[in-house]
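Before any questions on how it binds or moves, here is one chain, the form predicted on its own, in structure tokens.
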């Protein structure tokens, strides 16, 4: 390893393995993934992370070193016994700050797909269109996807193929300014994202949370819907459930969502059931 980044609390396995991002794979005690134009290697260390082939500043931003997670943990726990238990159980689980274009395109592909299928689609698109880098491929830029749309059909994206092409076209032609979305408030950001074909409530919340710095976003998928019903007695349409999460957990609701998501995933694993997508 070439460097060490002091960051605590951090549990690398929880953070990279919980399904936020889909290009990380664990080999022994090391995690390997792609950040921008680099294949990066990370390894858990005492009080931080050892890293290779990535600037410390880039990794610090990605792991959200600027988040005061201890304060966030305290805020979302409040008077919530379940969340207090989960914060202790999953201490070191952090949200990631992903590249907005890559996150949006990835979650557009993630609709109605499980984790393995999402990873397979993303890697197919990267291998077909992304720039070759040492040991892998970068995530393709929007204009690269438009170079040869017929090749995209070979990536086995199904109905998502047309949606990805349309997104790439709108970004390339300037109809959608992804970087500009980061400067919008939460509600306006979600509204703009939902104006994109294939982006509904959940995808808009995921992108807002994982790429646009809106930690108050509370994505609701099948896992979270069931969890809210079982543990909080809340059921209903997406908007009601998402608003409940934001109201109960406040500005760090996205962290609370990830703890709940991890809890249900662990329960499913113990029951030997197939994991679902985001």
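Nothing here was measured: the structure is a model prediction, and the numbers come from that model. Positions refer to the first chain, counted from 1.
There is another form of the same protein, the form predicted together with the DNA; it is not shown, and what comes next is about it.
- Among the residues 201, 123, 99, 75, the one placing a heavy atom within 4.5 Å of the DNA in the predicted bound form is 201.
- Just one of 146, 196, 178, 87 comes within 4.5 Å of the DNA in the predicted bound form, counting any heavy atom, and that one is 196.
- At a distance threshold of 4.5 angstroms between non-hydrogen atoms, residue 261 is in contact with the DNA in the predicted bound form.
- Taking the partner from elsewhere, residue 114 is found to have a heavy atom lying within 4.5 Å of the DNA in the predicted bound form.
- Using a 4.5 Å cutoff between non-hydrogen atoms, residue 221 counts as a contact of the DNA in the predicted bound form.
- Residue contact with the DNA in the predicted bound form: residue 52 places no heavy atom within 4.5 Å of it.
- Contact with the DNA in the predicted bound form, defined as a heavy atom within 4.5 Å, is made by all three of 19, 22 and 158.
- Looking at 181-189, 201-209, 128-136, 165-173, the stretch with residues near the DNA in the predicted bound form, meaning non-hydrogen atoms within 4.5 angstroms, turns out to be 201-209.
- Residue 107 is the only member of 87-109 with a non-hydrogen atom no more than 4.5 angstroms from the DNA in the predicted bound form.
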